[in-house]
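Only one chain is given next, in structure tokens, and it is the form predicted on its own.
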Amino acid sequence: MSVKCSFCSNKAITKLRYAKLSLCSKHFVEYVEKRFSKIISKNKLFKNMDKVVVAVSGGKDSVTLLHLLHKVSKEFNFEIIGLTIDLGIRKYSVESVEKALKNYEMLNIKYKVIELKNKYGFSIDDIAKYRRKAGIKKPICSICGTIKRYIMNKYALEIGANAIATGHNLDDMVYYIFSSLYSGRVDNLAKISIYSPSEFKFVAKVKPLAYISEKETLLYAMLRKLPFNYNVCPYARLRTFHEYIRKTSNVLEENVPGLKITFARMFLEKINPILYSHYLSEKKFKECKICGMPTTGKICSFCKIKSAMEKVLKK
């Protein structure tokens, strides 16, 4: 026997146990959009902002974020500018950029594509091939994250944006919290936030999908028939520990519906503000001697990577 939607007589396509709702496709889309608007309103994520950079990789989360933000941008009175970084990862980057552009065009949104290879002389493929020769010890995913954060922040500063919105979802937040707790990285815990304020030359960071699960962003994108890259980055090798956290949190959610949201909200709204004020509020930043962007040392992490790659690629 098919289950009916909680709001109409149509067949339900999904059950949200944490909300005690069974929803058809139409009411699922409406539910996500209303929840998204409430998250923004409750957390005052875009208060007194008029220009927001939306980082769109072309994957399901960032594409969903773009469409949801486009829907509420008039309500909260801010302009959206899309930013896509072509990381130069073989066929994966070509497909990702293509999907991002299709979504910008669907919504008639202004956007910027920054090609890592053309602008800075190296790509993620180059790093994968030469990082050991260049003396870069960090994993590729960590290096890629550093590069993306640098470019997003630099671009947002250049155009005078008030904030950068990224597509980190509920499952991402739960994973970051668990893994940082396990490793005792208090500084990392202090950085995990739904909203990070502007300081020095850092533009504010906003994660509006922090309370919306990965399954929900995927289903929303599919029901709305949004173009996105289904493929996984070829360098994203899921570590065993990472997988344990994902599986364990899913099992807990199955047995205690709403656990993920409760856990994330408890941390983001009650614990993080205390950690932030204690560990990060007094952190001293200065300008990188090479590029002028913020850093805690003489040279920022991005410039160290760029310099190391330049030496190897010249040879």
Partner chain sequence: MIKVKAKLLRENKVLEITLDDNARVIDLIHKLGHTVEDVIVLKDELPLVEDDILEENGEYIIMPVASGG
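Here the structure is a predicted model, which is why all the values come from computation and not from measurement. Numbering follows the first chain given and starts at 1.
What comes next is about the form predicted together with the partner chain, which does not appear here.
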Heavy atom within 4.5 Å of the partner chain in the predicted bound form - residue from 265, 51, 246, 47: 246
Using a 4.5 Å heavy atom cut-off, indicate which stretch of 149 to 157, 229 to 237, 132 to 140, 95 to 103 touches the partner chain in the predicted bound form. 229 to 237
Is residue 180 near the partner chain? Define near as a heavy atom within 4.5 Å, in the predicted bound form. no
Taking the shortest heavy atom distance, is residue 12 within 4.5 Å of the partner chain in the predicted bound form? yes
Can residue 79 be called a contact residue for the partner chain in the predicted bound form at 4.5 Å between heavy atoms? no
Residue 8 versus the partner chain, in the predicted bound form: is there a non-hydrogen atom within 4.5 Å? no
Quick one: in the predicted bound form, does every one of 34, 70 and 224 get a heavy atom within 4.5 Å of the partner chain? no
Counting only heavy atoms, which residues in 244 to 261 are within 4.5 Å of the partner chain in the predicted bound form? 246, 247, 250, 251, 253, 254, 260
